[in-house]
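Two separate entries follow, structure 1 and structure 2, each one form of the same protein chain as structure tokens.
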Structure 1
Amino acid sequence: MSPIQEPFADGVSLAHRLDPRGKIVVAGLFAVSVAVAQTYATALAGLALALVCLALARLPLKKVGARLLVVNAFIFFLWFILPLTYPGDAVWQFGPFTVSRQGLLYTGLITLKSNTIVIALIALIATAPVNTLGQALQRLRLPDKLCHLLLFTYRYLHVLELEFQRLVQALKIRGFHPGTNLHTYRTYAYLAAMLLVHSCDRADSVYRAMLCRGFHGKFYSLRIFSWQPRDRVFGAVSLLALAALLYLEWRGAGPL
């Protein structure tokens, strides 16, 4: 099965129907406010808000859980080191290792913040197809070239993945068995290089086809974004919630 998928993009829930422009702005502001938070109160309130968004998106919880598990790999690694190296009061000692209370609290806060942001991003951003996001970003006045790059890259991701699988299949048919040796590395290098060569050829023919169809630096989209009453409500509620988060952070200033 292809690893490149958008498992959360389809749906009819409220989070799926909101205007993507509003969702991008709110998700961005929310991610920044949680990322700079230094107190548990803010992070926990953020988590509650993220969970509300997730509930509104009505996504398959099993898939969301699987995603979170992967995301937490780096965090998991931090748990092994940070509590031991963070200076503070010892709570537990074995041999040369000391676990500090502050270290545990700090790592806990990082874990909480990280998961909160990812949940919010899944609920708000991953619920829109990438094509829609690209167009929404263009309406939000991001540079045209950057949006074109995003739309094009995404468009050809699947094409090149098929190409890649075709090459891998050809390798397998010829009895290729990867191992830790120079032959494997050379083969993989040629595989990647062939993929790049094919992609360049394809780019040329794509560009010529675009010129034939009168391309002059602009994509026309039939999608019309409309700012509905529900978007106004979502925007207003989100701004209030963000203000509340900032207030919590300001009141409980000071780390931990």
Structure 2
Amino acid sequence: MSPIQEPFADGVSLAHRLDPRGKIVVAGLFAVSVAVAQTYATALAGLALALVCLALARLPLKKVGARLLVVNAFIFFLWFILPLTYPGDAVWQFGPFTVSRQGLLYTGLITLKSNTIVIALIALIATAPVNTLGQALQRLRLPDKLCHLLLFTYRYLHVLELEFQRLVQALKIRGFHPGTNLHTYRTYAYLAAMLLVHSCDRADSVYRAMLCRGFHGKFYSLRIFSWQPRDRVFGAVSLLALAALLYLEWRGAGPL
């Protein structure tokens, strides 16, 4: 069984060597700061900071671009909705449809902020393995159940995928051909139900096995997180950069 691919987790760059606890905190604060921004000045400054983090991570740009392409595939549909529905000054009109200037600016701001946040998360969060992130979240005093949920999801997601593929293969052997009919919808409903039942059975067996091995609700790790000088410098510079973003937003002339 092949594990979930983590193409950005391996590396020797500065972003890879930073303490994951600090990266999680900085990434969270940065994402919130950019998400609530209402001016292009703040969003563009955030994009510049995200690109700096991406340069520090030294990630393959082609793979990063592929992730951004997926994100922008969803944002693409906003360009057909918001400019037509957002009230404001008309810049183009075709029959009953009116494109507003404010709608275009608002959609552009959403696009800019979304790409900025994704780039920053790739550079800071994706450069650490998932199991390391789970341990770091636990050290940051997040609830143990949430950390366990993340770790177990990472560990068994590919197991569920293999189970799904096995069920689909069984359907094909029995001559199932999907179509737009009631039989197809009923079959897919049975497939989802069987996957849920098998997942519950697997979860119960795993839990019983863990109890037999002395599990009592807490994971222990031999890894020790320690703050290095580079982590202190990264934290100080990040706080200054976040303060600059807040200052830009405060000095902004208002929305858009």
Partner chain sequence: MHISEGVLSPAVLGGGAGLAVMGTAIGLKKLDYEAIPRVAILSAAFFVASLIHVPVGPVGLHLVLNGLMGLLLGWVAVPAILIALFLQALLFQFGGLTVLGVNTVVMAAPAVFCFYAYRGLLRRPGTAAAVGAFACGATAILLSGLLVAVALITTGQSFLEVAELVLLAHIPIMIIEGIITLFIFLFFQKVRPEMLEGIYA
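We call the rigid core whatever largest set of C-alpha positions still superposes within 1.5 Å between the two forms. The first residue in the sequence of structure 1 is number 1, and each one after it adds one. Small disclaimer: the values here were computed from a predicted structure and weren't measured.
Quick check: structure 1 or structure 2 for the form predicted together with its partner chain? Structure 1, not 2.
Honestly, after the rigid core fit, is residue 157 moving at least 2 Å at Cα between structures 1 and 2?
Shift of 2 Å or more: no.
Margin query: If I align on the rigid core, how far apart are the two C-alpha positions of residue 89 between structures 1 and 2? Answer in Å.
Written below: The shift comes out to 3.1 Å.
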